[in-house]
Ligand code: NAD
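The data below hold one chain only, encoded as structure tokens and taken in the form predicted alone.
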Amino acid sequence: MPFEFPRLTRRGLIATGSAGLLTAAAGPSLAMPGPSPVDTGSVQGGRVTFPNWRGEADRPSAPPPAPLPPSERVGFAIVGLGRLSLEELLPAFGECKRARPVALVSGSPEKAALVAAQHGIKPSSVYSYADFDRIAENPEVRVVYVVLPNGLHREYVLRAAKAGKHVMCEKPMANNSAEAREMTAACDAAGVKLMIAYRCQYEPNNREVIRLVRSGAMGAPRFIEATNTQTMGTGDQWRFRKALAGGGALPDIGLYCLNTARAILGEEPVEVFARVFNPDGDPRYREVEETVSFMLRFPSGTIANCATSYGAHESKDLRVRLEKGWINLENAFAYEGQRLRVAHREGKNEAVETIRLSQENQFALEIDHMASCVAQNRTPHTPGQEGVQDHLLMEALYKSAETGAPVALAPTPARDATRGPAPDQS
């Protein structure tokens, strides 16, 4: 006699419930299989892990995030609630695993109160610039992140160090090398860590370029080409005021070209040369420069040709030419959209490969790195000395542009002399 599905009545549904209904509908000979470890995962070493569920032809999925509980994350105070803080940094904390925002410093009480409410920050942990020093009394704050115009970095790094707080400071570190050295010395004297926020040194594609070049698999690098340009709007902004900016396109966006070339090689230039251009009649460039083209010569023989401008359509690309191939990183200095390609010989042919790395928030990566250094008492990968060195090189570039001649620099024998250990992003 063929099997018949049971009659469904309202009374029967209430009596059996949905689980009983599904069992009856499935028939007496069918059993629901138990869950597989591939689907449920397991707890190992304090985190949830899953076996790879994909075939060998596809790359395995990334492991699930393993954030620290909020109470164990390092607390950060954000000094300055401008575009970078509101558009990038505070949202990035949502992707952080080791850090959380616990305090704000702003000159606008209305804006600070709104942002604090949005991010769950207590009203008592909102400070003005005048009463910033009270931050010393807040045990939740372990790191002060200075996100102000360059000309104000020095003051708030010194005040944070005096308050006994570790410091993370946006790039460029200051207006000049003298200020940068004073900031580094103050943090050393106070026994607090100082990290400069060179986000590209934490971004995965930039780190892969460094790894590929330093591996030696593609031979010695001969040329580095780095470009960072954008077009600027109204002159009514702090970037056009030398007292607040220190300079124009060079310290603001050209610094990425300079710092990245140094990070790729781990060397310091022994000669620099620069040319500056300002358009006639543009009042925005009375105090700062619009365009800079500069060259760096390194002791290994590698030459970096760099260009930066406030007057050219946005381009943020990096290229490395080596003995056995080339590396191109499109949007190297952008917040997102990196595209990495590598060329090399393959038999009688030229192979051009696109390397697709997982997209990660570079702001979250650098913030978490600082949090780890504080929690584990380690030197940051980009400490104050890294910022000092960039200021010394920029001053040499400005001198070259002024005199029209190359500027020779004393060699630095040690590799990565201004950097701490490489960030752990496993």
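For every residue, the number given is its place in the sequence shown, counted from 1. Keep in mind that this is a model prediction, so the values were computed, not measured.
Just so you know, the form predicted together with this ligand exists too; it's not on screen, but the next bit is about it.
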Check all three, 129, 147 and 335, heavy atom within 4.5 Å of this ligand in the predicted bound form: yes
4.5 Å heavy atom contact, residue 252 and this ligand in the predicted bound form: yes
4.5 angstroms heavy atom contact with this ligand in the predicted bound form for residue 275: no
Contact of residue 289 with this ligand in the predicted bound form (heavy atom, 4.5 Å): no
Close approach of residue 238 to this ligand in the predicted bound form, 4.5 Å, heavy atom: yes
Candidate stretches 93-101, 183-191, 165-173, 208-216 - the one whose heavy atoms come within 4.5 Å of this ligand in the predicted bound form: 165-173
Selected contact from 111, 122, 356, 345, since only one has a non-hydrogen atom within 4.5 angstroms of this ligand in the predicted bound form: 111
Heavy atom within 4.5 Å of this ligand in the predicted bound form - the one residue of 81, 306, 143, 329 that qualifies: 81
